[in-house]
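Next up: a single chain in structure tokens, the form predicted on its own.
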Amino acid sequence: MSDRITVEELSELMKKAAGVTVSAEELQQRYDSGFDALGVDSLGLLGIVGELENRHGAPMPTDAERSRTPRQFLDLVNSALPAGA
């Protein structure tokens, strides 16, 4: 498992935890679009955070579920993951 969450992993998590299908390529193109524009609501984002906590065995930043864009989310989550996790 990588020590950083990638756009590809976020795309997979969006499908699994939020029920929203957005390809990694589309997500990369819409990196600064709001999650709401991508069809992910606050509960979906909370589900993504919970899935990440389960996968990495560590709590995610408290404001992760308040991130407005995929870029903001990945920057915040990746800054909190310990190297080599």
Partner chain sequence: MSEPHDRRAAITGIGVVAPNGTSTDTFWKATQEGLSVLDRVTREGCEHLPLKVAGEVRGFDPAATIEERFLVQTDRFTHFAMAAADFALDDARLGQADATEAPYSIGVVTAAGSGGGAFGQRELQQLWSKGSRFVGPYQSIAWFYAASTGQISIRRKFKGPCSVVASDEAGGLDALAHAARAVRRGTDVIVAGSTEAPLAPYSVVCQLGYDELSTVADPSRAYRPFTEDACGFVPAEGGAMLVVEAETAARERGADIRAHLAGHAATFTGASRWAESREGLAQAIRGALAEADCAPEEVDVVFADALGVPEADRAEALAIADVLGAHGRRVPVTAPKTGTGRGYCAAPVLDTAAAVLALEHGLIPPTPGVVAVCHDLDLVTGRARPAELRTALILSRGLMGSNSALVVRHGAVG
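Residue numbers count along the first chain shown, from 1. On a predicted model such as this, the values are computed, not experimentally measured, just so you know.
Only in words, not in the display: the form predicted together with the partner chain, which the text now covers.
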| Residue contact check: D41 to the partner chain in the predicted bound form, 4.5 Å heavy atom | yes
Review point. Any of the heavy atoms of G19 lying within 4.5 Å of the partner chain in the predicted bound form?
Key: yes
Taking any heavy atom pair closer than or equal to 4.5 Å as contact, tell me whether E53 reaches the partner chain in the predicted bound form.
yes
Query - the partner chain contact at K15 in the predicted bound form, heavy atom, 4.5 Å - result: yes
